[in-house]
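Okay, here we've got a single chain as structure tokens, the form predicted on its own, with questions on binding and movement later.
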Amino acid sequence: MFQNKINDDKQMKKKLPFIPDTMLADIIHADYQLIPVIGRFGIEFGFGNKTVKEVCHEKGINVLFVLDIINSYHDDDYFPKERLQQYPASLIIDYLSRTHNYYLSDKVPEIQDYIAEMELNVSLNNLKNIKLLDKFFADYIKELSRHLNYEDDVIFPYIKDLESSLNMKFVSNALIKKIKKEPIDQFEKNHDNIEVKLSDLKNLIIKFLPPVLCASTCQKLLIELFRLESDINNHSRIEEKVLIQKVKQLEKEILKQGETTT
């Protein structure tokens, strides 16, 4: 714990590329891959020369949280997990939920369109391989949807209940029983690694897919798979190293509060 605190302090002192007074447009010019990340905060284009602080103030968004997320995605070595754990769970969950929606509503359909385009523009002797690729990704979508929907429908509401109970200083017996029966530890142990199959799919294309007529579409598909994998890696890091650890602390506080009221 002490070493983690030292590492966090070092990261806080590190000269970050993006600070409250950085113009939002400059961030996008510096790293265009942050466009969807910024969009998840409800920030749309047309912000002129406004700084991150100015845009967040207008939108009623926590500027420090936005910057911690943006800098974490931009720089893999920057990840102040202990400071991120200090933000309200509801704030973290809102960002993660928006990310889930981005995957299922935007990224997955985009990748499906590339595969469908390849099916329409492939030689007959290679059609079987593209259909295999399509099936592989379809199976992945099912697994991804199940994973994300379970978090949205079960895990996130549970976490909100924990935080709400502590804020209202009222802990029900039902919530205490639920913590004892199904603590977040169980979810952590069974937390699916949804990045593994993406890696398998990329290797299938890179190493084993015979040359296709629509090479440019295949290249675009591969690029989007790499982008999705990178995004999911960052997403999982927030869930595992920030949210789950925060929930463990919430559970402890609630159980402790429950003991003092019995």
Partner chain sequence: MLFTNNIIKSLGIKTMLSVIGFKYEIFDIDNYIELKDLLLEHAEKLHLIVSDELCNEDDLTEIQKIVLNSPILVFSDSQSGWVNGIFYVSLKNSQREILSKIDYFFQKDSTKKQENSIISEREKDILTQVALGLSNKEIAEKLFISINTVITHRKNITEKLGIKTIAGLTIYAILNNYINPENGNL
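Predicted, not measured: the structure shown is a model, and the values here were computed from it. Positions refer to the first chain, counted from 1.
Keep in mind the form predicted together with the partner chain is missing from the figure; the text below concerns it.
Contact annotation: of the candidates Ser164, Ser90, Ser123, Ser172, the single residue with a non-hydrogen atom within 4.5 angstroms of the partner chain in the model of the complex is Ser123. Comment: the partner chain is not present in this chain, but in the model of the complex one of Ile194, Leu228, Leu34, Cys214 has a heavy atom within 4.5 Å of it, namely Cys214. Stretch 204 to 212 is the answer when you ask which of 38 to 46, 204 to 212, 22 to 30, 232 to 240 has residues with heavy atoms within 4.5 Å of the partner chain in the model of the complex.
Taking the partner from the other structure, the partner chain in the model of the complex has no heavy atom within 4.5 Å of any heavy atom of Glu58.
Under a 4.5 angstroms non-hydrogen atom cutoff, the partner chain in the model of the complex lacks Glu110 among its neighbouring residues. Residue contact check for Tyr150: none of its heavy atoms lie within 4.5 Å of the partner chain in the model of the complex. Though the partner is left out of this view, Asp185 does not reach within 4.5 Å of the partner chain in the model of the complex, counting heavy atoms only. Proximity of Asp77, Glu82 and Gln245 to the partner chain in the model of the complex is absent: no residue of the three has a non-hydrogen atom within 4.5 angstroms.
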